[in-house]
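A single chain comes next, written as structure tokens; it is the form predicted on its own.
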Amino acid sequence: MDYLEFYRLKEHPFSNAVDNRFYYNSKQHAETLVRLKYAVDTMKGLAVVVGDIGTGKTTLARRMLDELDEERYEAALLVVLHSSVTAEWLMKKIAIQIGVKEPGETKVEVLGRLYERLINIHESGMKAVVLIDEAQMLRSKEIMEEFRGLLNMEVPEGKLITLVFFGLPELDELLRLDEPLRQRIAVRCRLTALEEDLTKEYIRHRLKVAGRDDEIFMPDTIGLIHRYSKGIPRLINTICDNALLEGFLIKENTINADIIESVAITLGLKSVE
């Protein structure tokens, strides 16, 4: 028996892997999606979402991609894995992601074929959207200038491509590497930590998706979880996952405050006095 069977769960409710089934549509996430879709549908060109580590930027990016109808949008999501990405590689990657089969080798070829593809997308009645997660890793003025070049591709109705950057707050400073690009930001959103009442709803939501309708976490645990996680969803997941494992090991049918305190110490979120 593991804790799933012990707590009558169908799957792990607090995994930090991105899974849209567990997406919690808080007010700020719902409003952010509305703003981003507005930027896309009105061909504004550039939208930016910033937030601290663990506030749900990647989850939101995946959610947005899933909600962009394939019959109306040519959309792609790029995740930047390291800071050594070059402008040439990035432009070629974007071209491939939106359907350019042979982007060419030189910068002129890549941009030329990218422009042709964007025109084709527009003439077909669709809109091109590229979401870039971990955008703060693109620490190059040259890359910022290339983005500005993409946003110069337009038709009377607006920009031929909409870029949506998701990144840490430092992304704001990075965009200052190219002031004309920064001034092109049409929509800017910031994701913040959850309040205590939303932390409670977030936990309840994930448990329900995992197959448990009744409460596992006692009322006096919510304030503690919120305090030690600071309302950051990723930390909420980590605390709750560890609490369920601890509860299983000591065969407690519900999670109480003592378990949360113990887990907080183990995770280094609370100092031992």
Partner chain sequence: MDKSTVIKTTEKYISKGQIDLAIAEWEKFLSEKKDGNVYNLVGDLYLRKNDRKKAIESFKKAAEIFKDDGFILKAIALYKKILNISPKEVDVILALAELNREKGLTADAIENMIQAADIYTGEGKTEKAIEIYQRALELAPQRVTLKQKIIELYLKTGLYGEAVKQYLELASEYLSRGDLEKAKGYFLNAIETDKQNIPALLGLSEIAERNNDLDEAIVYMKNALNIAPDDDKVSLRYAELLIKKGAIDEARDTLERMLKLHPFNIDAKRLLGNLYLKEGDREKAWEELKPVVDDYLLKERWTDAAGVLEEFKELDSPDIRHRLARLYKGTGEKDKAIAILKELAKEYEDEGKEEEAGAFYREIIELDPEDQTAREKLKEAGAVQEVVEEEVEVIKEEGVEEEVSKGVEGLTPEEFETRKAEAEFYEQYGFKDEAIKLYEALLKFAPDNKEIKKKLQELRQMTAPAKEEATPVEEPPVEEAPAGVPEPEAEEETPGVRDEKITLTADKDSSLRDVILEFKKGIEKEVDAEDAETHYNLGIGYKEMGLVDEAIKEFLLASKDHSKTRQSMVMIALCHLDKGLYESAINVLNRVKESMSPSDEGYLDVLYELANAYLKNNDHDNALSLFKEIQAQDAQFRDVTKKIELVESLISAGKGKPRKRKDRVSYI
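A quick note: this is a predicted structure, and the numbers were derived from the prediction, not measured. Residue numbers count along the first chain shown, from 1.
Here the subject shifts to the form predicted together with the partner chain, a form of this protein not shown in this document.
- Using a 4.5 Å heavy atom cutoff, none of Leu168, Val209 and Tyr228 lies near the partner chain in the predicted complex.
- The partner chain is not shown here, and in the predicted complex it never comes within 4.5 Å of any heavy atom of Arg176.
- Residue contact check for Leu68: one or more of its heavy atoms lie within 4.5 Å of the partner chain in the predicted complex.
- Of the heavy atoms in Ala186, none are within 4.5 Å of the partner chain in the predicted complex.
- Among heavy atoms of Gln97, some come within 4.5 Å of the partner chain in the predicted complex.
- A single residue from the set Leu191, Leu163, Leu194, Leu77 has any heavy atom within 4.5 angstroms of the partner chain in the predicted complex; that residue is Leu77.
- In the predicted complex, Leu77, Leu78, Val79, Val80, Leu81, His82, Ser84, Val85, Thr86, Glu88, Trp89, Leu90, Lys93, Gln97 are the residues of 77 to 102 with at least one heavy atom within 4.5 Å of the partner chain, listed from first to last.
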